[in-house]
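Here you get one chain, nothing else, as structure tokens; it is the form predicted alone.
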């Protein structure tokens, strides 16, 4: 089985037709499903939050079979993930895609679990500490994309689970948990 770093690639990754959008509807639907799962699994395992359609994203080409996904195929597969609510286009031209291997509500739940497991109820942290503090090391929150983190925190603030407060810069934005 071929690997990409420590990520194991599925069998179809070495099958040249899967790098070309299939014309038969049923086959294309199966192809799209396989690519959606592959992209989400890879992004989760490698902590990738942003994919550019034009970028040299590792899954978009396979040098061992000399195949590369077309722009249309890349946009089709990413649009399918967007359609499931697992990603969002960041621009009208569909050039950059924010990957949500966890939905925002799921990230909010992960944050609450993190707060409880670390005894952080009724405590204050900076937003940056949630992403890169010692408590976050080795957790799913380590290195989380700031846009995703802020959206999850705002969701929790709307539910009364925390209060966000601005600092003098983005580095010292704070969070007061009240779980």
Partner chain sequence: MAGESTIGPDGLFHNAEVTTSGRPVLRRNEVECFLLSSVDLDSEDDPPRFASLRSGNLILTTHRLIWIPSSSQSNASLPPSSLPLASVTHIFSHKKSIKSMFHSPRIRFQVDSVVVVTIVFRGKGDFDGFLTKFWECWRGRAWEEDEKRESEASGSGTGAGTVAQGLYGNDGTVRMVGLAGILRKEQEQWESTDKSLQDAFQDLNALMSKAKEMVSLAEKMRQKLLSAPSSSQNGSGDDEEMGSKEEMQQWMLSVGIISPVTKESAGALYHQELSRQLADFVRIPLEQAGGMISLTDMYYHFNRARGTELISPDDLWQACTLWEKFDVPVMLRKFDSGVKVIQNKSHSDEEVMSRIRTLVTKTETLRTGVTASDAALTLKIAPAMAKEHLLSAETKGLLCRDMSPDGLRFYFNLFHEFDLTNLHFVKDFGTYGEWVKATTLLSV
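Keep in mind that this is a model prediction, so the values were computed, not measured. Numbering follows the first chain given and starts at 1.
The same protein also exists as the form predicted in complex with the partner chain; that form is not shown, yet it is the one meant from here on.
Check all three, 14, 23 and 41, heavy atom within 4.5 Å of the partner chain in the predicted complex
Checking in the predicted complex: 14, 23 and 41 are all within 4.5 Å of the partner chain.
So, residue 33 and the partner chain: in the predicted complex, are they within 4.5 Å at any heavy atom pair? Yes, residue 33 lies within 4.5 Å of the partner chain in the predicted complex.
Contact of residue 151 with the partner chain in the predicted complex (heavy atom, 4.5 Å):
Result no; residue 151 lies far from the partner chain in the predicted complex.
- Query: Taking heavy atoms only, is residue 8 within 4.5 angstroms of the partner chain in the predicted complex?
  - Reply: The answer is yes: residue 8 has a heavy atom within 4.5 Å of the partner chain.
Next item on the list: Examine residue 37 and determine whether its closest non-hydrogen atom to the partner chain in the predicted complex is within 4.5 angstroms.
Entry: Within the cut-off, so yes.
Subject >> Option touching the partner chain, based on a heavy atom within 4.5 Å in the predicted complex, out of 132, 27, 118, 126 >> reply: Going through each option in turn, the one that passes is 27.
May I ask you to list the residues of 58 to 72 that have any heavy atom within 4.5 angstroms of the partner chain in the predicted complex, in sequence order? The one in contact is 67.
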